[in-house]
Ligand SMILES: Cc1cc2nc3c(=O)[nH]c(=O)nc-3n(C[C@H](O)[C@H](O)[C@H](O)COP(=O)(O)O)c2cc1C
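To begin, one chain is listed below as structure tokens, in the form predicted alone.
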């Protein structure tokens, strides 16, 4: 049975989830340091495996932000034509946003996880690698939802994972298992209704 859709207009958390959109181009209007700090705090409140918070947030503005866009645009030519187009679009998104927030795994849980659990080394890396990825992905989702709640636009540039190691090196971070790049700013126009979602019943299996 479909839930009463009105709940998504009166419950602020559900309303934010419903209204979140991926916005790829931004107005020239700046966002404040206070807003950035709110986004970072929200991301840091995400659940993490054993509360290890094995993530890093890197805030890029100005020339460093433009340098990242240049790295991506130049690197795009190495990939297939569809990937080239998406990477170049990502570079334009980075240029147009007033700020970019990157998220990377620290690797601390992978390095020290065997001290928390007595796990065989053969399986330990994959075990803790997966938990780091899950934790950092939750932090990114918190960031995206917090941006929407503040009236800001954002997008998770998933295509950037094709250049993960190069981007991490550019950010001064060690090679890791996770990297996300999130431009944030003000949308150039209303985002509209967004893509049509399939009914959740098509994605659910109940076991009793």
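So that the term is clear: the rigid core is the largest set of C-alpha atoms that superpose within 1.5 Å between two forms. Positions refer to the first chain, counted from 1. As the structure is a computational prediction, the values presented were derived from the model and not from experiment.
One more form of this protein exists, namely the form predicted in complex with this ligand; it is left out here, but the text below deals with it.
When contacts are judged by a 4.5 Å heavy atom cut-off, residue 22 counts as touching this ligand in the predicted complex. In the predicted complex, no heavy atom of residue 139 sits within 4.5 Å of this ligand. Among residues of the shown chain, residue 174 is not one whose heavy atoms approach this ligand to within 4.5 Å in the predicted complex. Though the partner is left out of this view, residue 189 does not reach within 4.5 Å of this ligand in the predicted complex, counting heavy atoms only.
Between the options 163, 43, 157, 147, the residue in contact with this ligand in the predicted complex by a heavy atom within 4.5 angstroms is 157. Looking at 46-54, 66-74, 22-30, 163-171, the stretch with residues near this ligand in the predicted complex, meaning non-hydrogen atoms within 4.5 angstroms, turns out to be 22-30. Contacts between stretch 81-97 and this ligand, counted in the predicted complex as any heavy atom lying within 4.5 Å, involve 89 alone.
For residue 178, the Cα coordinates differ by 2 angstroms or more between the shown form and the other one after the core has been superposed.
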